[in-house]
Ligand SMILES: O=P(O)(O)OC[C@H]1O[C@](O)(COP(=O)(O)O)[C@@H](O)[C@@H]1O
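The chain below stands alone, shown as structure tokens; this is the form predicted alone.
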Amino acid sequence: MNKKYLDLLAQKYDCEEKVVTEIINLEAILHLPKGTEHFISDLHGEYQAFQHVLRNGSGRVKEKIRDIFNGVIYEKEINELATLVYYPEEKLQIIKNNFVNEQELNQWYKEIIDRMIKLISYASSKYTRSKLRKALPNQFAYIIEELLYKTDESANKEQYYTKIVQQIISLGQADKLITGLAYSTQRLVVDHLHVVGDIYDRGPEPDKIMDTLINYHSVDIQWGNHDVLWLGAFAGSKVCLANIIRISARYNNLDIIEDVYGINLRPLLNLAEKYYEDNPTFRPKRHSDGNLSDLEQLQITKIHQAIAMIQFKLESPIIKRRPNFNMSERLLLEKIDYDKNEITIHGKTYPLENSCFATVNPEQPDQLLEEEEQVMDKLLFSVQHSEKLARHMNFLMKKGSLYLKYNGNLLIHGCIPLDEEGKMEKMVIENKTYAGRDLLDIFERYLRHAFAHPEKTDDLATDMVWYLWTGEYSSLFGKRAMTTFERYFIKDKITHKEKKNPYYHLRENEETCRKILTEFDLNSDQGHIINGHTPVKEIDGENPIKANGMMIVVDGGFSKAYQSTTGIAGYTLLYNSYGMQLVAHKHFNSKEDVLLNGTDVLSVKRLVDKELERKKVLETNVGEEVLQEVSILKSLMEYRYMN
């Protein structure tokens, strides 16, 4: 052990007693039950549904309420208490409006504070007092601890405890205390949150999800393909930037670009107004909760066309300068007969519909107009100088990774690229061959390099970020080709089909999952692969639990755009000391519906895995860190106090 390091550590533990106390504390923590992990994926900007799932802990809050109060209070009171924990400020206002006199309200305050203290006590039962104290509201921490640890066997302190509650109520602090207890309960019910990719695109409020995650007590993120697209735009990739604007236009979410992140779209609108007309293919998908005027729809339609054509042009130079990307078949602008308005792909010719090639030079189809170049330069400057976007992207980089090994499980948004025989697919990058874990590691290295050097807009690292969005061997895309162009302009739906990587049918196979876990140095008898990216079509009978429980897919369609095909509104996964449970969620109507009717959006929980013995902190990633701390402290003991 480095002596200088031990000397520095000795400044904190400046006597033998302090070292001994900390070792005893850490060794004891190792034998506590592991905390509850909460896995969530493919949020796609659906902030309201995400908030509800986060606040109710995928049903854990109500589950704990039932454990304590089932048979003690009525079902209506259980629902009311649960809703109070989810949305304390709003629910308090509704409840208070139902009381006609102060005496009845004060009596209710006494009962509800007592119930919430019992709930906090139960929810924190596997944590140390120190960890509980950190979860409590600062202004009430002392008072809550007094109420939590009261012992009144001889009735000596009965009036003391009664007076505490009475004073809280009489001093007008009951609402603040109840609200603090509610948020503390939410925090204690879930120890750690995993977001398995795709926070961005389609839904209207990804920025609010990011703000929530930034303030969440313990979280990690596995990047999804849509997240990487935003990271790429911030890192200087103009083609990634064109994609995020195109998707935002398609889903009527340009407000995120302009109003939330302050990126001026006026130059793009001016360009669009000059060259494009109405086009049914490019009209935005309407949200049920918002109406567009005819003028707004027309403007978005024009912007959508303008940015799509810029995107297709920007793709071509990358494909040409990176032959190892193996994407020459995607040089579609060069395959068009502009006189006949038709395209030949894979040896077959198709007529083009709703085309919008006013800015395309048939002699040099990928050449940007000077106006288009100026627009993209301005947009990129705005993106890289958006303070709010910088905060969100930096957090995404800090907490994110392409994959994560955590408590024996592999968390990955997309796939491990495989061939039909189940072998790891290989990709040559700078004359070196990568596959499996090595391929994902090199992808992440390039992404981090591109992010660290946003001034470089056409280097290999920046191009590689775009490849992660759309490339054949990308672990995030997981398909042979992205058929965006065909979906816009070719009627024949055969051309729209995007062939998935064999991973997506081979992951049903237990042997494949074992091979992948082994590739990542994980125990193939005990580990699981936790996946997002592809919505599980439960409506068609697809099972999210695959390969005899080794593979769990937690994308069930949080995005409203998918819910008609999935039949549900998302999955989440809970992993506590007793085992794993998958939770399916019904469509989330509104917070108001929960507040007024006490409705929740959960369906039957499915047991994935049950621990034979209750899992302890000792057996987790946190346990590994604690063991390292104990080892260092023992070295300090030997170095400073035992010689």
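It should be emphasised that the depicted structure is a prediction, and the values quoted were computed from it without experimental measurement. Numbering starts at 1 and runs along the sequence shown.
Just so you know, the form predicted in complex with the named molecule exists too; it's not on screen, but the next bit is about it.
Though the partner is left out of this view, His226 does reach within 4.5 Å of the named molecule in the model of the complex, counting heavy atoms only. Contact check for His533: a heavy atom falls within 4.5 Å of the named molecule in the model of the complex. Contact annotation: His304 falls outside 4.5 Å of the named molecule in the model of the complex, judged by heavy atom distances. Proximity of Arg202 to the named molecule in the model of the complex falls within the 4.5 Å heavy atom cutoff. Stretch 480 to 488 is the answer when you ask which of 480 to 488, 519 to 527, 118 to 126, 270 to 278 has residues with heavy atoms within 4.5 Å of the named molecule in the model of the complex. A heavy atom within 4.5 Å of the named molecule in the model of the complex is found for exactly one of Arg55, His585, Lys34, His44: His44. Residue in contact with the named molecule in the model of the complex (any heavy atom within 4.5 Å), chosen from Arg445, His217, Lys285, Lys388: Lys285. Contacts between stretch 433 to 467 and the named molecule, counted in the model of the complex as any heavy atom lying within 4.5 Å, involve no residue at all.
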